[in-house]
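Only one chain comes next, encoded as structure tokens, the form predicted on its own.
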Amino acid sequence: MIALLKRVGASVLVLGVVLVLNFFLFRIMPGDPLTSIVDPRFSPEAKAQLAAQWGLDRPMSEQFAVYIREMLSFRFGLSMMTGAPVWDELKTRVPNTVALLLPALILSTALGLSLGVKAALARGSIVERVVLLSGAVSFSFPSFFVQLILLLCFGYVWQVFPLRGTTSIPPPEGPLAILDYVWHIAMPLFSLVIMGFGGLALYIRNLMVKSLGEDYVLMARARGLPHGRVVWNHAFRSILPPVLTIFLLSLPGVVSGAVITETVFSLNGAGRFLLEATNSHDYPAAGAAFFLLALLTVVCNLLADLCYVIVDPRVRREGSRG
């Protein structure tokens, strides 16, 4: 319990540092929100009025106090780009991001896990060589390069999928609206899956190869246990703690990767909103997006620690002795 409280305290400290850095880093970046969102033909009086409206004319300490209050209350203030509440802007975009990232994470994890186990069980075969080659290739290229190639081939040359957007213009009605949405999101989803499975497949293959050579696995085989039970109940179970840790720690990276994917495919998601907010010096929107990403990272780290204790009895015993 004491170790858990220490981890929670460290996580709260990390979030506090992120909040402070978010406030000051955006304000020391070159440029300012007024030059990004205001027409250059505006008079100095109009610019001063807008600065007062957004609170940019207040002392820095007062701006910081307002910023902390808005972040911790999850109101996040008003977006300087749209004038709407940041939370409302995120609510309209987060479903598109979740609809893209959640299936991509599940499919890439399932594919990487199954291929990694198959490669470990088929040492020296063509299956292992194919898995090793495909896994190495899948994460060797930058994500935007692969996505641009997919757009060129399947969006422009053969026109199998749309080039941009989450819906057609004008959008269809009824059941066709769901099919149209799936049609638009299929290619971004496919790109994330083919780029996400390779590293996990190689990692699981290496862990399984080591686990299959352990004495307890050889003893289970000598006892005549079924092959599937030996593989999944003995070998795979022993590598479950690091696999769960890698899975949970990959979540923040997948979410941050949505910035590139949604920008390349022009999807109306939270990642693209983050990029537009950063480029426009939209302090409330960018600060909210980075704060939520940091919160997700901290929560995933805590969950990884908790899952490690649950699935690995050795950690529980060491914690009890401690």
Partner chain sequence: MRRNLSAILLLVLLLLALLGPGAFGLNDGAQAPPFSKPSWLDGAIASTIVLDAMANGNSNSATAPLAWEHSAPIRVSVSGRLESGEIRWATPSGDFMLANTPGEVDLDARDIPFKRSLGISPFDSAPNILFPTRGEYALSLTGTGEVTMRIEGGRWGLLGTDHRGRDIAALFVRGIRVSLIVGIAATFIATLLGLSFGLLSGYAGGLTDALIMRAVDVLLSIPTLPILMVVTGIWGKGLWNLVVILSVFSWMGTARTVRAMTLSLRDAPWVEGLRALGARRNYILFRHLVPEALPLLLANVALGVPGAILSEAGLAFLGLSDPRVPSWGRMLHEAHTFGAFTNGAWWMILPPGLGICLICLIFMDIGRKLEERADPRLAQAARSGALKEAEV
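Residue numbers count along the first chain shown, from 1. Everything quoted here is computed from the prediction, not taken from an experiment. Note that the rigid core is defined as the largest set of C-alphas that superpose within 1.5 Å between two forms.
Absent from the display: the form predicted in complex with its partner chain. The rest refers to it.
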Report summary line: Of 206-214, 70-78, 220-228, 178-186, the segment with heavy atoms within 4.5 Å of its partner chain in the predicted complex is residues 206-214
Query raised in the report: Is Leu105 close enough to touch its partner chain in the predicted complex, meaning at least one heavy atom pair within 4.5 Å?
Result: no
**Report entry** Asn279: touches its partner chain in the predicted complex, heavy atom cutoff 4.5 angstroms
**Finding:** yes
Query raised in the report: Can you check whether Val309 is within 4.5 Å of its partner chain in the predicted complex, heavy atom basis?
Result: no
Query - Partner proximity in the predicted complex: Pro252 to its partner chain, non-hydrogen atom cutoff 4.5 Å - result: yes
Query raised in the report: Check Pro95, Leu101 and Ile239: does every one of them have a heavy atom within 4.5 Å of its partner chain in the predicted complex?
Result: no
Query raised in the report: Only one of Val160, Val130, Leu152, Ala110 has a non-hydrogen atom within 4.5 angstroms of its partner chain in the predicted complex; which is it?
Result: Leu152
Query - The single option of Ser140, Asn233, Ser125, Ser168 touching its partner chain in the predicted complex, heavy atom within 4.5 Å - result: Ser140
**Report entry** Within 4.5 Å of its partner chain in the predicted complex: residues from 241-271 (heavy atom criterion)
**Finding:** Leu249, Pro252, Val255, Ser256, Val259, Ile260, Thr263, Val264, Gly271
**Report entry** Yes/no, Leu296 Cα shift of 2 Å or more between this form and the one not shown with rigid core fixed
**Finding:** yes
Query - Change in CA distance between Phe139 and Val160 in the predicted complex, which is 3 Å or more, as closer or farther - result: farther
